[in-house]
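Just the one chain here, the form predicted on its own, laid out as structure tokens.
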Amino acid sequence: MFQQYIFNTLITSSLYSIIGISFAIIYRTTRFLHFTHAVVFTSGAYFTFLFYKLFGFSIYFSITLAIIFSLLLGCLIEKSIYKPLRKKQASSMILLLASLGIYILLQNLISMIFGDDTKSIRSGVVKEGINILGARITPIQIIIIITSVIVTILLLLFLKKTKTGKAMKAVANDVELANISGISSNRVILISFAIGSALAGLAGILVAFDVDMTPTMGMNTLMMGVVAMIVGGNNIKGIVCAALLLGFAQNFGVWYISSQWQDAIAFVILIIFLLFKPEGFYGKKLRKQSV
């Protein structure tokens, strides 16, 4: 039983890590909560269903197309809605409300097109998981864990080693200074949306292969990713640590309380961090200055 909880923790944490990092990449450059990210996450699953189940493409080609279309969806939202609002110097609150409106619109659009019932992109008979150290884990769950590790390593290298990654850090630190230095903040933000949306679509596909999908699947997962981002201090390493903490607390909390309280456990952790360590795992305290 203990081994099963350990593996469940790794699976949950891996998913929270991917969605938390994908959300943080966008948040760092825009500084507002892009809740439409939840429907971009959902779109990855439904694009795969569209191409694989309805159009009859191969599964690997369908997944590739789904990730590309999720990326394009995120970029389209940025170019057609957020960028014009930023030009009008809209506040973060206006951008937040716009993101919620787009989320509701697109979620209902998915419901209208595909229906509200549970859809599956899995094929064949559901088989018992592989026995590893006395615990059961399915191949897709192993892929979720491996994907999370690969995504984390690649993004750390991208942000540290590439010119674009350094430009993203510059915009995240100070947009005006970055523009003065010759960095196009709009271009960097668009790249952030492209990367974040592609990762969100990938996460949605992985979840759909594991537990199927519904039009409303995105928001709950996104909220866990946002909690991981805040607890982690908006830092990739911190998000991974926060995801592990959330996954551990939620899965081992089932030993003592009902599983329906798993989400509540995550928000209790969030409140504790906001009260006692608001900068998160790797966040830095702001130094007060007097003039």
Partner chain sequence: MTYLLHIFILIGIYIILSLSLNLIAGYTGILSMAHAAFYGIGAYIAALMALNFNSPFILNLFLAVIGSSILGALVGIPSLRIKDDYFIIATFAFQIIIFNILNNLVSFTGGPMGLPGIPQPVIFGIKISSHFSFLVLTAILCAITYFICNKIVKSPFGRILKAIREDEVFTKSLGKNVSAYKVKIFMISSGLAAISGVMYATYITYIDPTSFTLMESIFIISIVIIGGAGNLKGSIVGAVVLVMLPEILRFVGLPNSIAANIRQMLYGGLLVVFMLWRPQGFIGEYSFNRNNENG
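Numbering follows the first chain given and starts at 1. Here the structure is a predicted model, which is why all the values come from computation and not from measurement.
The same protein also exists as the form predicted together with the partner chain; that form is not shown, yet it is the one meant from here on.
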statement: Which of 146-154, 130-138, 167-175, 99-107 lies within 4.5 Å of the partner chain in the predicted bound form, heavy atoms considered? The stretch 99-107
message: Give me the residue from Phe248, Phe51, Tyr27, Phe69 that has a heavy atom within 4.5 Å of the partner chain in the predicted bound form.
response: Tyr27
field: Ile236 within 4.5 Å of the partner chain in the predicted bound form, heavy atoms
entry: no
- prompt: At the 4.5 Å heavy atom threshold, is Phe252 in contact with the partner chain in the predicted bound form?
  reply: no
message: Since only the chain is shown here, I'm wondering whether Phe267 would be in contact with the partner chain in the predicted bound form (any heavy atom pair within 4.5 Å).
response: yes
- prompt: With a 4.5 Å heavy atom cut-off, would you call Val226 a contact of the partner chain in the predicted bound form?
  reply: yes
- prompt: Check Ile81, Leu85 and Gln260: does every one of them have a heavy atom within 4.5 Å of the partner chain in the predicted bound form?
  reply: yes
Sequence-ordered list of residues in 10-40 near the partner chain in the predicted bound form, where near means a heavy atom within 4.5 Å: Tyr27, Arg31, Phe32, Leu33, Phe35
